[in-house]
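The same protein chain appears twice below, in two forms, each given on its own as structure tokens and labelled structure 1 and structure 2.
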Structure 1
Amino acid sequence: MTRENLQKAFLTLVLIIVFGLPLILRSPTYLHILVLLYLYAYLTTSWNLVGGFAGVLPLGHAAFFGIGAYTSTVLYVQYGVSPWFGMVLGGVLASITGVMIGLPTFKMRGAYFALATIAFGEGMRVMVENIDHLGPFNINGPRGLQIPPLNVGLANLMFTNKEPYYYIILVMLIAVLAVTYFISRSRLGYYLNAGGEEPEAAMSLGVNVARCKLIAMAMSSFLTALAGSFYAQFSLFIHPKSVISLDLSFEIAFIALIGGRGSIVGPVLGALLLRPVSDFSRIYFGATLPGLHLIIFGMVLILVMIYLPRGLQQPLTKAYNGLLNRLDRRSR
């Protein structure tokens, strides 16, 4: 087998496994954990368009997640509009917000940008917590919104089993990975990377850096909002402190940096490490000593960054390449 075929075979194998997983893994607990894992991988991949390729560190993506969650929920609960439609509308709204916030902030450098986006996210949360009614829409301030679990079905993006959620988020994840893959190979991808690394050089080479970043921001916020709507339908309860939280914005950035910023598999790898660490340390240690699981989580962050500052992606890609090479050689 040639190298290329090996890779194709590998990819096919992975796809078979992830699609077949629910058939073997019947436990809703693990499906639930996996759905959240994919959700975070999806969110981080979307974030990566700005945070990875465009070389800035946005720490307010929870705001877009919240826009998506609130838009679809308000429309569905109060007007009976299908969450699929609310999802798209939320995406568009988030996109507009993203561009509006990107216009002034992309001029800023590093730390300022990070802090500005934190303020944007937190400001959004405070707004939602202060507003009970936004025109005809009841967003219920700090008390959050519940989605009554009636009318189960694909049209309402609501199911009693975990499997449909699993497949929907899996397809979303694969789609967003594909989008990132194609963008990374397109002119936009090159321009984003160039503008992120050396903006002045990029500009002299014909790159309108600000515009590229805005395009990336529009896409990233759109995709993030879709996940917000999905999450709302998955958990059936949203409130400002959970969907527009700083914790969420931070966790997305953690996953990206732990996995490897700007690489395509980075977010997936980061989610594969951090989500289980977070879930299983809570499960095993959460009740024994208070806070121990968060200490473990913090230690993992510190240690990975000290020993692998470029993220997990680097050594794993190397190992994978080594493996492919060996297989390749042996088959010849």
Structure 2
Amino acid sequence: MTRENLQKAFLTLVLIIVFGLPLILRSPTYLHILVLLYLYAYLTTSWNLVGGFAGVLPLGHAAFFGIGAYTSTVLYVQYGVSPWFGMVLGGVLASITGVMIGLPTFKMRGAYFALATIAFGEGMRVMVENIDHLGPFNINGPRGLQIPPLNVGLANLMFTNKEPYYYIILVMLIAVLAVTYFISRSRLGYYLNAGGEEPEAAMSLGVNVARCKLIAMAMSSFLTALAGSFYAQFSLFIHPKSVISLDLSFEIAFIALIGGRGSIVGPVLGALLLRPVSDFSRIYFGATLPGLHLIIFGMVLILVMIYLPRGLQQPLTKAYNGLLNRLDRRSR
């Protein structure tokens, strides 16, 4: 069996396991945790398009998540518009917003860009918390919006059990990983990597670095907003601190940095490690030590940056390649 066939067999095995998990795990609690795990893996992979390949550090992606959540929720609750349409429209609005943010901020370097994105995200949260009506739309300020669980079905992205949500977010995660894979092997991916590592050298060779980063930002914002719409239908209640919080932006970036930014599997590995830590720290220490999970993330991030600067994917990828090489030699 060749190395390529071994990789295909491994991928097939992983797909069989993840698609078959709901048949084994019947507990709604565990399925809920898995849905959130896949959701964060999806969010971090979306962030990775601009935060990994483009070589910048955006820390305001919760704003795009919130745009998606509020757009689909307002349209569905107040006007009866399908959440699927609201999801796409929220993605388009987030994409336009991402480009508008990127136009001035991509000229900044290092911490200045990160601070600018933080300012935008926090500014949007404060605005939503202090506004009850935005034109004809009722966003209800700090009280948030509740989705009545009345019209159950795929058309309204609303179900009585966790299994449909599990499969929907799993398909979304596979799709965004496929998008990331093809981009990483496209001309855009090569331009983004070049512009992220050596922007002056890339521009001297004729690469329009700013344009490539704007494209990555638009795609990342669009995909992040889709996750916001999914989360709104999954939780049936949103408010500014749940969908536009700075904690969410930091968590997305921490997972990518710890897992390995700029790689395909890094964000997923980071989510697999850190999301259970986050969930269980909130369950057991949320009342007495709120924010403990971010402290843990910070400590893990320091250790990873010192000993594994390319993230957890570095040793795991090395071990995976070593295993494939041994199996390949034995099969010959």
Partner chain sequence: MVFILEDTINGILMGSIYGLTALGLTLIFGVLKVINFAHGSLLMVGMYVAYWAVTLSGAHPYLTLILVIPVMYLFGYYLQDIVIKPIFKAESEVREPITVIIVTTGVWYVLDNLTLLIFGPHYRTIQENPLRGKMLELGGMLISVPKLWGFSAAVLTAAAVYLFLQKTSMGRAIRATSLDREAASLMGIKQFKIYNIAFGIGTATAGIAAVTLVPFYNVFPTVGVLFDIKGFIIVVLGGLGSIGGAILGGMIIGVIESVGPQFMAATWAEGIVYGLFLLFLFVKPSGLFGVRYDW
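All residue numbers here refer to structure 1's sequence, counted from 1. Take the two forms, find the largest set of C-alpha atoms that superpose within 1.5 Å, and that set is the rigid core. Keep in mind the model is a prediction, meaning the values are calculated, not measured.
Here the form predicted alone appears as structure 2, and structure 1 shows the other form of the same chain. Core-superposed comparison between the two structures: CA of residue 300 displaced by 2 Å or more. Relative to the superposed core, residue 280 shifts its CA atom by 2 Å or more between the two structures.
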